[in-house]
Ligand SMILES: Cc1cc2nc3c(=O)[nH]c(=O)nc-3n(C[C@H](O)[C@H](O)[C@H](O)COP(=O)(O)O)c2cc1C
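One chain comes next, on its own, written out as structure tokens in the form predicted on its own.
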Amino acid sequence: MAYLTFHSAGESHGCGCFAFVQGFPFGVPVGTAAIDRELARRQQGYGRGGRMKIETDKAEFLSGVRKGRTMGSPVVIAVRNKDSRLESAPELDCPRPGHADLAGHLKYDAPVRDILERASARETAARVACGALCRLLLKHFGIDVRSHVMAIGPVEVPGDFCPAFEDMVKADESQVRCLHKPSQKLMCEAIDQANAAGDTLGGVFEVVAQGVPIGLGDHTQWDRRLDGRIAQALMSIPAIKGVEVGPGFANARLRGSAVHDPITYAPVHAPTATGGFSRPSNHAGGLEGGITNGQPVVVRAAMKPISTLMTPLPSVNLHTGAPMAASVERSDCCAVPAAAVVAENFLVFMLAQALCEKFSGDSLQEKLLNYQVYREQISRVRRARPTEKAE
């Protein structure tokens, strides 16, 4: 069982979205301002729809926090909906291709509205709230996570464009969260063209975690490998259809000598998170054998175009079976910039979960002490260790 777990509750047009975080350590200073900041980032982005003009997401602690610090008990965060009309929302008779409408209707023998309310990406507000909470833990261990958009529709940044981690903080200054300035305008134009046609666009984004120590994750079982756990977490975000660690798909076309990262070592005079080991490259994306290797953790995700089209695709009426245009719900034309923020915060949670497993302890102080002991352990020079005689 994981030390740190997260579950969400709530519907798109219910009273709100709720994050339930269990196993969060005692004594972490927290406040709603840091969570509200991440929630606001999620609502931004060129191509967002009318819902973002209605909602102003704010976090409210319902449990687990007292006098500005966590209590070690479950933390529940509420993000209230202003547009709360769950009982009066109209039913949808024609399922939308690409959405959970038809599969959920047949699985549960339920109205489409009962399916789409939970399948909606509005649920990701709870994920961002959880991630924002976990950021307040990770900062005590020197770990930071950022993201940027690499492609929207047919427009993508040049293949050799590789922004520094320090520059990624500037992504929020762009309407499309893209750091390659010549591509920003072209992305906005592509969104405008799709919007005018009643269509939608997807894209690709990259999330990078800096300061991650060697040793998070485990190679001993398939479900303990951190790269697999991260991939599953990102694939669970609505509309995400592809995940790679580092340049995973590009690596598949190369020889091993061009892919694997050489290892270097320099003696250290104080405990570090990498023990003095480093790499001149990071083709592995910071993970080897399901374990972090001290390099930045780099993951990329591909988001399909949003399923609700203002010029709908052919569908069928669920009551009569007659061909009809798919139902239309209020939606976005493009949500790739927002999805990058969701993925960024959900990677924060996955790293926090792995960190809590590695450095067990009920309080922040205890985890920091365990972390310091581990840093000392991996930073010891072992070159002169005598060879033990085999039994």
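Everything numeric here is computed off the predicted structure, so don't read it as measured data. From 1 onward, residues are counted along the sequence shown.
Separately, the form predicted together with the named molecule exists; it is not shown, and the next lines address it.
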property	result
Site check 137, 212 and 367: each within 4.5 Å of the named molecule in the predicted bound form by heavy atom	no
Contact flag, residue 327 vs the named molecule in the predicted bound form, heavy atom cut 4.5 Å	no
Residue 353, heavy atom within 4.5 angstroms of the named molecule in the predicted bound form	no
Interface membership of residue 38, the named molecule in the predicted bound form, 4.5 Å heavy atom rule	no
Partner contact for residue 239 in the predicted bound form: the named molecule, 4.5 angstroms, heavy atom	yes
Among 23-31, 353-361, 61-69, 333-341, the region lying within 4.5 Å of the named molecule in the predicted bound form by heavy atom distance	333-341
Contact residue in the predicted bound form, chosen from 202, 98, 111, 163 - any heavy atom within 4.5 Å of the named molecule	98
Proximity to the named molecule in the predicted bound form, single hit among 190, 151, 318, 121 (heavy atom within 4.5 Å)	121
Sequence-ordered residues of 273-303 touching the named molecule in the predicted bound form, heavy atom within 4.5 Å	303
